[in-house]
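Presented as structure tokens, the chain that follows is alone, the form predicted on its own.
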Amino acid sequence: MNNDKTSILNYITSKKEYARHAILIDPADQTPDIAAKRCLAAANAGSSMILVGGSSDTDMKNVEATVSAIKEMLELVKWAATQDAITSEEQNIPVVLFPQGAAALSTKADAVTFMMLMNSTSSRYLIDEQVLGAPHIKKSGIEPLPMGYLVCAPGGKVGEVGKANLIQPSDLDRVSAYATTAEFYGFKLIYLEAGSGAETPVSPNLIESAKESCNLTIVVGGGIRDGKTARIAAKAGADWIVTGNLAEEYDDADELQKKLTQFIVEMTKY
């Protein structure tokens, strides 16, 4: 990625004819070395972004170590591009922080999701953590990505920790209002989250309602375990599909690459 202040935001919000895949890496659940190998497998499979964070057990130390290992490993992707016909987009996969709070940042990342958990009942996740983190982000020069974050049922741990008033599958008017509010606030992304390892993904009706209500880039994650489910979300309006637990099921990088390749092919098959 070049260092233009808007380069990563433009990359993420650029319109495509198909949904793109992002892998979510939780530094608390894997060593930096394993995380890096999984990210290389994802890059080779066709993933377009790497998110780092997500767990309440992340901190500056494990986030920094994980981001550093991933960045070093991705240099292999660029080297491989000189050997094979890899597209320029695949050569420049951004590593983006997806922090649970101000205590889980890294100066080595390309960007950070600067997000408001819009349906939280706690000021901590609405504004307090953002105020704590903003000076660090500004000083480091990491590009902030303005994002509204909505936790949908079942919500899982993120809904519990974030004290979210969960959006139910039937809350179409509510998610529509949140999406419109996010746009009016000036956010560029909106993330619909079902929760890590959720039994059910975000309802496609909620995705469709959000898409129809705003001109934001729609990111969807939680409970998506296969390409067919991802395709349903994409057809409903998701621009990005995020998977996290899926990668953690594979210790063998080659097996993970095969799984993600199949996942992305199925996801983009219209």
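Quick caveat: nothing in here was measured; it's all calculated off a predicted structure. Residues carry their position along the shown sequence, with the first being 1.
What comes next is about the form predicted together with a small molecule, which does not appear here.
*Asks:* Based on heavy atom distances of at most 4.5 Å to the small molecule in the predicted complex, which listed stretch, 185 to 193, 159 to 167, 119 to 127, 136 to 144, is the contact stretch?
*Replies:* Among the candidates, contact is made by 185 to 193.
*Asks:* Just checking whether I224 would be counted as a contact of the small molecule in the predicted complex - the rule being heavy atoms within 4.5 angstroms.
*Replies:* Close contact exists here: in the predicted complex, I224 approaches the small molecule to within 4.5 Å, heavy atoms only.
*Asks:* State yes or no: in the predicted complex, is some non-hydrogen atom of A19 no more than 4.5 angstroms from a non-hydrogen atom of the small molecule?
*Replies:* Taking the distances in the predicted complex, the answer for A19 is no, it never comes within 4.5 Å of the small molecule.
*Asks:* Given that the partner is absent here, does V242 sit within 4.5 Å of the small molecule in the predicted complex, heavy atoms only?
*Replies:* Heavy-atom contact with the small molecule at 4.5 Å: present for V242.
*Asks:* Verify the contact flag for L24: yes if a non-hydrogen atom of it lies within 4.5 Å of a non-hydrogen atom of the small molecule in the predicted complex, no if not.
*Replies:* The answer is yes: L24 has a heavy atom within 4.5 Å of the small molecule.
*Asks:* Using heavy atoms only and a 4.5 Å cut-off, determine which of L74, A198, L105, V96 is in contact with the small molecule in the predicted complex.
*Replies:* Looking at L74, A198, L105, V96 one by one, just A198 meets the 4.5 Å heavy-atom criterion.
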